[in-house]
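The chain that follows stands alone, in the form predicted alone, written as C-alpha cells.
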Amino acid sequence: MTPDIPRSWVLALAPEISLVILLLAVFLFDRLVKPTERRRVGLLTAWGAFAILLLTVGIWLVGGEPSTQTGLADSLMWGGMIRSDGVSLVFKLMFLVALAASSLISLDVERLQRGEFFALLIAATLGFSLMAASADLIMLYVALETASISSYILAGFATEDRKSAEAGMKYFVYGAFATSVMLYGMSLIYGITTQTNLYLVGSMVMNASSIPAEANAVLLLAAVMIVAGFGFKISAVPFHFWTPDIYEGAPTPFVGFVSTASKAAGFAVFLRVFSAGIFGAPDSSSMWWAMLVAMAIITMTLGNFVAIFQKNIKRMLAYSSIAQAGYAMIGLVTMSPDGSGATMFYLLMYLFTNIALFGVVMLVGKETNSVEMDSFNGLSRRSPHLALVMLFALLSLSGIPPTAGFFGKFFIFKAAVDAGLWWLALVGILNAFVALYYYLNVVKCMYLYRSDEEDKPIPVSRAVKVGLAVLIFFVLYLGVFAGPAFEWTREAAGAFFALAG
C-alpha cells in the first residue's frame, strides 16, 4: 500500500468528516448559547455547511475532479465501501446546499430553533452523502438508515402539532417497511453471489457462467425488492403513499429539505446500483428495464392529475414532487451518460427551486396559520418580493424559460429522444402541460385574487431573505447559463458507465 492512499481517503471523505465535526460543534454551541439566542445555532449550521461546501470545492479545484476513466481500484476507498468519483462530488454539493438553505429558512420558525433540529439535519445530510458514494450494499444500508432515522424524527419534530406527530409516525412505519423489503432483496443478492461490493456483484451477474440459470428468477425478485426501497426514497408510484401526509404534517422547512436532498440521494443510489450491472447489463435489454419505464410513466401521470384537485398547497406540492420523480426517471431509463447527466442536472435545478418554494410556503403559513390555496390570495400586494420568488419557483417547476426548469426538462426529453424513446419524451411533454394548469392556478391566486389581509406585510428576517435570494438567483442563472452545469453533470455521469460490465 502506497503512503499517499490514506491521505486520499481523508480527502475523499473530507465532507463527511467535516459534517461530523459540525454536528459536535452544534451540540456544544447549543449548550453554551443563551435560550433567547438559540437562533444563532441555525446560523452556525448554515455557515458551517457553507464552509464545508467551500472546502469540498477547494479540494476539487486543487486535487482535480475525479476522472470518469479512473480505474475502479483507484476510485474505491475504505476497503471498497466508498467510491470517490464525479457522481459523489456532484451529489455532495447538492446536499450541502440543501443543508445550508434549509437551515437559513428554518430560522423564522421559533419551535425549530433548537440544537437537536439542526443536528438531525446534519446527520441526515451525512447519511445522504454516504449513500451517494456507497459502492457496497452494507455501506449503502448503514448510510440509508443514518439518513432515514434522522428524517423520521425531523418529520415529527413539532411535537405540539398533532399533524406533525402523525407525519413522523407514518414516515417511520412506511419507511421501516420499505427498508426491510429492500434489505431482504439485498440478502438475496448476497445469497446468490456471496459478495456485497456492487461492482463485484455486477461482474458476476453479467458473466453468465458465474450465476446459475435458475437464479435469474431470484435476481428479478431481488430487483423488485430493491426498487421498492429506492422507490420509497424518491416517491415513485406505487411507493408514494406516504408523501402527501408527510408533506402536509411535517415542519415546512424540513419538507423542503427532504423533498430535494432525500430524492437526490435516492436517485444517486438508483443510478449507481443499476449501472453497476447487478441486475444485468445497464441497457434496455435488462429484465427490469420495462418495470422502470412503467414506473416513470405512471409516476408523472398520477402525480400531475391528482395534484389538480388539491386545495392544500403542501399536498399539491407533494403530488408535484411525485410527478417530478417521474420526469427524473426518464433520464434514468435511457441508461446513457446523457440521460443520467440530465437527471443529475434536473435534481440540481429541483433543489434550488423547491427549497425556495417551501420557504415562501413556510412564511405565508406562519403568518396566516394556513397552507390552503386561498391563503395565498393577494400575496403580490401583501409581499411583492415573496410573490416574485414563488412565481419564479413555480415557473421553474413548470419548465418555462428563463428558469432552470426549462433546461431541466429539455435535457431530460432530449436524452430520451436521442435514446430512441421519443414516445416516452412525448408522454413527459404532455404531462408538463397538465402540470402547468395547477402551477399557474397558484400564480392566479397570488396576482389576481384579493384578500382582506393585503395591508399586513409578511415579516421576513434578513437571513431568510438572503437564503431565498440566493436560491432564486441560481434558478435564474441555470435558466440562462445551463450549458456548463449540464456538461459537468454529464461528464460526472460517465462514471456510471465507464466501468459497467
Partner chain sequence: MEFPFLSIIALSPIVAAIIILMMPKERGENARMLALAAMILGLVLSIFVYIAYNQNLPAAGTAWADTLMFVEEHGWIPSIGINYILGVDGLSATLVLLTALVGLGGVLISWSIDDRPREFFAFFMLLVAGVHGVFMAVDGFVLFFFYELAVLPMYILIVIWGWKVSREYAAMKLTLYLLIGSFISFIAFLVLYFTPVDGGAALQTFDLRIWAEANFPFNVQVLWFLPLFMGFAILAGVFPFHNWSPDGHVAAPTAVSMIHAGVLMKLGAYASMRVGIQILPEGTVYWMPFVILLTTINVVYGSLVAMRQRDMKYLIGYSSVSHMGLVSMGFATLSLTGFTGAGIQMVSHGIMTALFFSVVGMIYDRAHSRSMDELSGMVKVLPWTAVAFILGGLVSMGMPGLSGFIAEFPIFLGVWQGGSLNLSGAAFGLNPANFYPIIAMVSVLAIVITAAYILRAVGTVFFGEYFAEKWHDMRPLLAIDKFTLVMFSVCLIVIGVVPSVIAPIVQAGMAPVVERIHDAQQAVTVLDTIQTAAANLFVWLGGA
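Residue numbers count along the first chain shown, from 1. Here the structure is a predicted model, which means the values were calculated and not measured.
Only in words, not in the display: the form predicted in complex with its partner chain, which the text now covers.
Comment: its partner chain is not present in this chain, but in the model of the complex one of F230, Y199, Y174, F413 has a heavy atom within 4.5 Å of it, namely F413. Checked against its partner chain in the model of the complex, the candidates D374, E166, E145, D418 yield a single residue with a heavy atom inside 4.5 Å, and that residue is D418. Each of R381, F407 and F433 comes within 4.5 Å of its partner chain in the model of the complex, counting any heavy atom. Though the partner is left out of this view, A215 does not reach within 4.5 Å of its partner chain in the model of the complex, counting heavy atoms only. In the model of the complex, its partner chain sits within 4.5 Å of a heavy atom of W422. Interface residue remark: L32 is not counted as part of the site for its partner chain in the model of the complex, having no heavy atom within 4.5 Å. Looking at G80, you'd find every heavy atom of it more than 4.5 angstroms from its partner chain in the model of the complex.
Exactly one of the stretches 441 to 449, 36 to 44, 460 to 468, 53 to 61 approaches its partner chain in the model of the complex with heavy atoms within 4.5 Å, and it is 441 to 449.
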